[in-house]
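Below you will find one chain, with nothing else, as structure tokens; this is the form predicted on its own, and questions on how it binds or moves follow later.
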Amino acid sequence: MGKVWNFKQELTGAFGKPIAENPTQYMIEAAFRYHGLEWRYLSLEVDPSGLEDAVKGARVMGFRGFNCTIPHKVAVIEYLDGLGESAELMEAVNCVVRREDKLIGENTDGKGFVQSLKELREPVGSDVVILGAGGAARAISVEMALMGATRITIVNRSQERGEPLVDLLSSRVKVATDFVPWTGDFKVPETTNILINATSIGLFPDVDARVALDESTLRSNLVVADVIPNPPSTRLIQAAREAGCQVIDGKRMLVNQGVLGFKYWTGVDANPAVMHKALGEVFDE
């Protein structure tokens, strides 16, 4: 009997808009090859008006899972069959997993960030400032609260979006939380230990976009993080390095999130060094 051929590849991917600048596909497919998996990861630009149809398409085409990025992390929830514990608490999804015939929303944003942070300092007892109130801010703030942060300040231009996140943190994870309207250049309070940009400001191609921040208030005892993976060295990260801060760039967070998502989809513990190497190739490092 001849060789049995199987030309069907298992599908994963990402839904977002914009999506072309997102390097996740290159990183995940490098891990697929390394681990001998005949899988594909597709970067798919999905307009908010087409999100429901995109989820239906993933369902009928047998996707094993997919990531959601800007602007779909909250909106996707209504089209799924259920949520994992972390995603339900955060009310945001960045990783969808097929479990039998159901699509379940999970969230790896916060866990990926905390894993990166722990390489520099423990979250316990931290006074944290988060710029933004979208899906990434929700995930990171909840995980930071669960890991023992003592105070979280949400800084956002829209009060209508910022205050519900403050309410969520105060009521569901019981952490002291403040909302500060983002008007003008934000001054980092002297009590702050960790500053996180959870907005899309500075994302390629708008690499010269400036986070409205009083850079003179960046101090060497701060940990400064930026969720943007492309470019990993944003204007904020550069300014923080010049001020002597410890920094966490979006590339490190992306790898940690990728390892978690890879496990959800395939059951395999991905080699993070393979993902780091792939991103190094993308950014010529």
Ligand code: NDP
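Numbers for residues come from their place in the sequence shown, where the first is 1. Predicted model only: the values in this text are computed from it and were never measured.
The same protein also has a form predicted in complex with the named molecule, omitted here; what follows describes it.
When you look in the model of the complex, the only residue of L254, A31, V46, L236 with a non-hydrogen atom within 4.5 Å of the named molecule is L254. Screening V142, A149, L117, A198 for any heavy atom within 4.5 Å of the named molecule in the model of the complex leaves a single hit, A198. Contact with the named molecule in the model of the complex, judged as any non-hydrogen atom within 4.5 angstroms, is confined among 119-127, 149-157, 80-88, 186-194 to 149-157.
Heavy atoms of G105 never reach within 4.5 Å of the named molecule in the model of the complex, leaving it off the interface. Residue contact with the named molecule in the model of the complex: A136 places a heavy atom within 4.5 Å of it.
Among residues of the shown chain, V97 is not one whose heavy atoms approach the named molecule to within 4.5 Å in the model of the complex. Put simply, I228 is close to the named molecule in the model of the complex: some heavy atom of it is within 4.5 Å.
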